[in-house]
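The chain below stands alone and is given as structure tokens, in the form predicted on its own.
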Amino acid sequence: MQLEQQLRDRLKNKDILLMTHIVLGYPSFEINRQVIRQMVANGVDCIEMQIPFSEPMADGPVIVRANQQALKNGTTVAECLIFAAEMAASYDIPFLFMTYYNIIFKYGEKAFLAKAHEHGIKGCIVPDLPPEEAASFLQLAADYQIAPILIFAPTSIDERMRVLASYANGFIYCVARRGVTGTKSVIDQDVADYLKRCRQATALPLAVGFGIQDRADVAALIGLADMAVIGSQTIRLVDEQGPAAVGPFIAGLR
């Protein structure tokens, strides 16, 4: 699919790629616009846009609070789709959706994926949808050229990784540690060994997220993974220092 090739093309000139995460509608779509502008200008290779959900089970307190506030603000799926179309038309990097399956189920799988394709989305991460229960979603994703991003975890056994990889496209999202997003991860020998197992299970690029917070974390992943994922840290920056802080932070990660 297009997403994998886009990432491989970008890897020709970089040791490691950067993917960032925003929660749509938090603190507002206008702030989302400002943050994405700075992210792209400072070298981000891929952006994961989260459609807010009331029970984001894979997320830690920073992103949970952002989801809750976005919903209180009245953020709708329709608004997220319109905003995604604007971003994909404005910037020459791949944009993904991340959300939970209830959002897609309620909207309608076919309608959601058709709109995502129409609006230029290249991939979709749905943490609470196991592939064994996703036959129609996966077929529609293939029909509309939306890469289904599957997730490996440190608790995944080798056989399970191979099964997940057989359904995946674009890249594999490797969770750096047990638990939810937000707490800093330590890229130690255990993580290195885990990522070696991930590499053996798939030929797709590997992205590593959950607790990647600074330049040292990103540097530690070079040679082990293809893309580092920064999530909660940029949301903290916007909360504490405003959107203007995001650009210098991203510029300092590599």
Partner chain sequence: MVTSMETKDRQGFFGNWGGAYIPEVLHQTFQELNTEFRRCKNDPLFWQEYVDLMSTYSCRPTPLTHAENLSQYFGGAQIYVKREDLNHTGAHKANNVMGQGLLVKRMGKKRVIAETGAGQHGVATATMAAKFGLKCTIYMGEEDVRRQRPNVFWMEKLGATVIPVTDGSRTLKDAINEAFRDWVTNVDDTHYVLGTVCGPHPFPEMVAWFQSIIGLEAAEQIIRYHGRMPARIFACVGGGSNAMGIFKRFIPETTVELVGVEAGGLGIATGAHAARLSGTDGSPGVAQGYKTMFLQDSDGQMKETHSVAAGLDYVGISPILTDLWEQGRVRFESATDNEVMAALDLTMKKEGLIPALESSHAFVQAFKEAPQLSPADAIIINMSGRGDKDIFTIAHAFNDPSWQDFIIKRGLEYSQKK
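Numbering follows the first chain given and starts at 1. Small disclaimer: the values here were computed from a predicted structure and weren't measured.
Below: the form predicted together with its partner chain, not depicted.
So, in the predicted complex, is K110 in contact with its partner chain at a 4.5 angstroms heavy atom limit? Output for K110 is no: heavy atoms all beyond 4.5 Å of its partner chain.
Using heavy atoms and a 4.5 Å limit, would one call Y91 a contact residue for its partner chain in the predicted complex? So Y91 does not count as contacting its partner chain.
Quick one: is I103 in contact with its partner chain in the predicted complex, heavy atoms, 4.5 Å cut-off? Taking the distances in the predicted complex, the answer for I103 is yes, it comes within 4.5 Å of its partner chain.
Partner contact for Q189 in the predicted complex: its partner chain, 4.5 angstroms, heavy atom: No.
Residues within stretch 76 to 93 having a non-hydrogen atom within 4.5 Å of its partner chain in the predicted complex: The stretch 76 to 93, when checked against its partner chain in the predicted complex, contributes T76, V77 at the 4.5 Å heavy-atom cut-off.
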